[in-house]
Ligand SMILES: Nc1ncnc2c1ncn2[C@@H]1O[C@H](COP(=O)(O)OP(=O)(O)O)[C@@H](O)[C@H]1O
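A single chain comes next, written as structure tokens; it is the form predicted alone.
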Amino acid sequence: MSEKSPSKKKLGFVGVVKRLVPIVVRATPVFFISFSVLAILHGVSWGFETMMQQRFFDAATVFAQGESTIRSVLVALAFLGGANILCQVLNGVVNFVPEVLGQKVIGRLSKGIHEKMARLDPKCFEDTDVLDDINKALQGQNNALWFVFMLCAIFTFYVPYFIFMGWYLFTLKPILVISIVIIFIPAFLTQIVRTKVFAKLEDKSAPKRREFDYYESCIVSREYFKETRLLGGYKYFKKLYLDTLDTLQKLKFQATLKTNLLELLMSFLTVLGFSTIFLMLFDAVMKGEITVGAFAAVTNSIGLLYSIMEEVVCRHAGQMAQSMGSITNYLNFLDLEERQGKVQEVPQLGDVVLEGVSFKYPGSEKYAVKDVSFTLKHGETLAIVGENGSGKSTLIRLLTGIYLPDEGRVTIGGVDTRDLPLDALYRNTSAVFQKYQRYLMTFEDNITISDAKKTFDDLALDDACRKAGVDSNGRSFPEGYKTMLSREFDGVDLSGGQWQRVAIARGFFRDHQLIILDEPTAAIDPYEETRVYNRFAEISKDKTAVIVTHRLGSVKLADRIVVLKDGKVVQVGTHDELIARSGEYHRLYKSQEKWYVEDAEKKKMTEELADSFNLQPSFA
């Protein structure tokens, strides 16, 4: 766990209930109140039906003895039939309500988890312990819903039923009530043990479950399957997948076996308890302490009483105990420390200043960025260059405030990034990353998702596409901006270069004061990359811009260049200044210079060939 992650709280049953019930009930309060009222009526109706059975059996006995008329029997039968119909109607309604509410509540709980993730310090997502916590929380949210439903059912259906039956049995023979309470004890103890066993199971299962999901994606997901098949990796990942599945099954089997053996023993004791109750009833009717009708009614309903008690203790309470571990994880996740901020607005104008900034990732002893100091001036275009692994992307995350430095500080317009909440930092910033997203949505959605609240028309889309070099009227988009960019949804797919331009258009579409291009042109040839960056320089005038790249042919347009090596700034200056003196930049530039010469020659030959055939060259 990272140093900012809080220690895990061990919540008991009462603690879980106090925390969880308000969260779930707030999702759909009206339906929960309605469900509770119906459940109370449902529980009382089953007890009322037992009383109507006694009344009917007593009426039939008196009639058989010739001491009453058939009318009294028919009236008793009518009441019994009405009670039975009421029970069945309420049973159907009460069982139907959770199915209706389930998806709605799950959706709102899921929204809460994602909103929580959005408020976490982004550094958390580099911590494997936090990733495990997220996996546990997603597992726990489903259990949380049914935990509260079962808890609600216990107190609104089962408790009223047992109270009613307890009162009824007490009026017949007080000792019967005590017997019912005693037979609850073995089952209750079983659930305490079950809670602890399955809480430990959840802690052991979460990391393995993440491995399992990852191996599955390596086998079947579109992102991986072509390479997996082509390179013969299918059997390798299948083995890892099956081994992880086997481990998960063994963990669950061991926990289930242990608790079920204990439950079997306790169920045997419960059966003995009910047998004792039956003998006491038989003794009471023989002594004339209760009527034959009462004996018949209680004997007839004792099966229902036993099955309901077994259902609530062994099934529902058992499932609740089993899910306690994942629910505790869900609640602990909601308690994770959030990224806070005192200042709610990032200054519209101002420099970004880094002072002695150092940063290392969770679990790593090596600094990704070490003792970096420089100023990104407002309105300046800055290029950050260096070899792979030099710390460029990490520096960008620190510069924009996404990551907070372990040492030193970063200020934006004079405000420390530690004092700014994440939403304020993101508000005036746009970015295009090397690992951009290919959203399985329309062309229009793929662009406008960067600023979903922004009012726009086709002219705004045209402008973003023009800046990114996307031909929105080309054959790749047969339905224009409504073209679905996904073969999975009966649309089209794009080449890597086309997708990259769409991602760049997405970044340009968003209103911003600061824009970052973090190596977004890897799938575009160096000549075309230069065209994109030149266009980028034109539209970034009067705005602060940062270009991150390891290809140096396009950085001449930058006002200044920061050169990184092993996480440290080794040079700062313009292209002419840095190329004039020996150093890291000079070495990198000379090693790449031939790429651009060769590409320029190829470009010239292509244009000459196209002109000879009156063709329009394309550089996708």
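The shown structure was predicted, so the numbers you read here are calculated from the model rather than taken from an experiment. All residue numbers are counted from 1 along the displayed sequence.
Omitted here: the form predicted in complex with the named molecule. The next part is about that form.
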item: Contact residue in the predicted complex, from 405, 391, 273, 98 (heavy atom within 4.5 Å of the named molecule); value: 391
item: Heavy atom within 4.5 Å of the named molecule in the predicted complex - residue from 361, 234, 214, 282; value: 361
item: 4.5 Å heavy atom contact, residue 487 to the named molecule in the predicted complex; value: no
item: Residue 366, heavy atom within 4.5 angstroms of the named molecule in the predicted complex; value: yes
item: Partner contact for residue 387 in the predicted complex: the named molecule, 4.5 angstroms, heavy atom; value: yes
item: Partner contact for residue 351 in the predicted complex: the named molecule, 4.5 angstroms, heavy atom; value: no
item: Stretch in contact in the predicted complex with the named molecule, which is absent here, among 323 to 331, 392 to 400, 79 to 87, 407 to 415 (heavy atoms within 4.5 Å); value: 392 to 400
